[in-house]
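Form predicted alone, single chain, as structure tokens, below.
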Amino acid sequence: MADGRNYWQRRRLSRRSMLRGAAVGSAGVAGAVLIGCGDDDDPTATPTNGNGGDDPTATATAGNGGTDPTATPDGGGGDMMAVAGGVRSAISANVYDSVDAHQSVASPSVGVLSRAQSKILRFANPNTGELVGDLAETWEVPSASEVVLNLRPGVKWHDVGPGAENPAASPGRDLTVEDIVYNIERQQSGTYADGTETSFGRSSYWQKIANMEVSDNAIRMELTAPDVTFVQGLANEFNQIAQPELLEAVESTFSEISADKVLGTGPYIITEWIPGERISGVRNPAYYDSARPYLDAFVWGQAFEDPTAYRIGWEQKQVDTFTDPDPTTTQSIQAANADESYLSFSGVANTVAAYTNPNVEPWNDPRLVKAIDLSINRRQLIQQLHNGLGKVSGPVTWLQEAWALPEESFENRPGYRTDGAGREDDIAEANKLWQAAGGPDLGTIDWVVAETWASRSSWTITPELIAGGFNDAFQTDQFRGKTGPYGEIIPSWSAGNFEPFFAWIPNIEIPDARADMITYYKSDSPSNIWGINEPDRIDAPLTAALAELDDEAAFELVAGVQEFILENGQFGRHIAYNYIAPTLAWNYLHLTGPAPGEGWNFLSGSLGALDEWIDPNDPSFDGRESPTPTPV
């Protein structure tokens, strides 16, 4: 039985080898999405193994990743061979925000769309950033400000299914260079085809392109400034390519979910999409990789709002996987089915943090900000809310390992120390700052916890935990916990007038942290809502890191900025931790990951779609009735 210990005990790569193995990349999301979904109900996002170029200045050549399904090692680190066929069963989310990945702000929608639509590049290993070609068969990065894409020949849009039957669609036609350019320029413009202004979540990423030149089947992108991280952003799960004709036809009704609004070039054809009830997709016979996907179809059925019903559904093999916000629930079910099931542990890329607001009184006093940062008992929260499954994070999360400060350095770092003398010193220093800044005279301090977080049965105590932790640290009763909807938190957060709150913060989308750091801490970034203005200590080194082709030199620059941020109480952006979520699966279902018992830490539905497979010969398959997909 696998357990969470492998996250601490597995053999670690050296920093040099980690850096060499991480292809450069960028999230580049200004105004990033605040909503966190935590451990998604759909745990099917597991990618393939593959190869990626190490040298960002060299030509990165990648094939289609196709392999013979009768002779393909299990991507989870085992030595089994994948079997073609079968129908994957999971649950549907209750809410999907968009049929348009460009306008989506949440992972559930992207989880569906990533099975039907392709990206320019995709991750072979999302945890390290290794890339392979998707719609671009090969690519080159001649310099830090230039990317050349060579499109894969013979790729076609789906020619059957509800999307193909939409009168606005052009089913079965060849993918063209112009299709790629349209998808990019649409997001750059921030407008619909009729000129209506709108919001595309990754528009700032695409704004980095100053010019595109098209020649035959190639696109040369010239960037506005050196950015060696840009190429990794092409594999971001949100950066999917949709057919322009259909995009234009449905862009004003993107939130009205139905399968006839989705057309792609990807491994599956979406045949039904009814949120909370049923989603169905069948294998695309014209997919460019003839050996994959391994599955014939997938069916995501009724969402189980009752955890007990969900558990029964898994036990009766109506669904192949199970997960719960309380890891002890998932672990206990696995223990009762130890011979026929296994756990896979994944880091959750929705970082958990507390926010104070330096734009308004009293939090514009840096002493109060630092006092709060020192007083947060991060390790205790991991224990209380996640049964110990998690690791503390700094300005760069432990998930972005190649760019994070070493985990062991946090053991003796102020604000992160464990119980004992170190923790006592932190509390003593926090109280000095609190008293000096007049903290006791501030009166009642409301601390908001997102309703979406507190509504989970195992986390309902969070408002009391947060307020109680501060009251204990400062020996007061000033702090009061309450809940608030994201519908109020997000607008006030964007406007810079929010109350202190605790919840998930923007989802980490790729493993290279450099662009994230610029997004949130550089003085002229639209997402620097804290008003941080440190040209010498933050802006200059981060700008240099973004242009640095030597990863080790870039890391030293980023590490220095992290140290400075931590010394200043994280300027009100109090990163706390990233937790670890176990997913329970029957032995017959093979989920890929970096090693047995480990899942991927970043959104990776497009790769899970390719690599998941079912072994009908496994003893645990006995009694499973395959769901029937909706036909094309």
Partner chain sequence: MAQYAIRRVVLNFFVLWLVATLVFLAIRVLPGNYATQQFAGLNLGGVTPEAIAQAERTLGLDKSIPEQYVEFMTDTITLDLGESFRTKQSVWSELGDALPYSLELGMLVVLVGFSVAIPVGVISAVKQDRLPDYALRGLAITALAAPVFWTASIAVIFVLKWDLFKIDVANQPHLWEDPKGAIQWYLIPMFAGGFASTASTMRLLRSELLEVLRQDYVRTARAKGLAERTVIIRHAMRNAFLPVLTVMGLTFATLISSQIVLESMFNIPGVGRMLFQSIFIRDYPLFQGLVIITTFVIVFTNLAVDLLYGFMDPRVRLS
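Positions refer to the first chain, counted from 1. These figures come from a predicted structure and were not determined experimentally. Just so we're on the same page, rigid core means the largest C-alpha set that superposes within 1.5 Å between forms.
The same protein also has a form predicted in complex with the partner chain, omitted here; what follows describes it.
- Annotated contacts: S346, L542 and E563 are all free of the partner chain in the predicted complex [non-hydrogen atom within 4.5 angstroms].
- At the 4.5 Å threshold, heavy atoms of T444 stay clear of the partner chain in the predicted complex, well away from it.
- Proximity of L385 to the partner chain in the predicted complex falls outside the 4.5 Å heavy atom cutoff.
- Though the partner is left out of this view, Y342 does not reach within 4.5 Å of the partner chain in the predicted complex, counting heavy atoms only.
- Residue contact with the partner chain in the predicted complex: I505 places a heavy atom within 4.5 Å of it.
- Only one of D536, D306, D524, E213 lies close to the partner chain in the predicted complex, with a heavy atom inside 4.5 Å, and it is D306.
- Interface residue among A547, V95, V360, V177 relative to the partner chain in the predicted complex, by the heavy atom within 4.5 Å criterion: V95.
- Remark: of stretches 430-438, 463-471, 198-206, 406-414, the one touching the partner chain in the predicted complex is 198-206 (heavy atom within 4.5 Å).
- Taking a 4.5 Å heavy atom cutoff to the partner chain in the predicted complex, the contacting residues in 104-140 are V105, A106, S107.
- With a cut-off of 2 Å and the rigid core superposed, E256 has a Cα displacement that reaches or exceeds the cut-off between the shown form and the other one.
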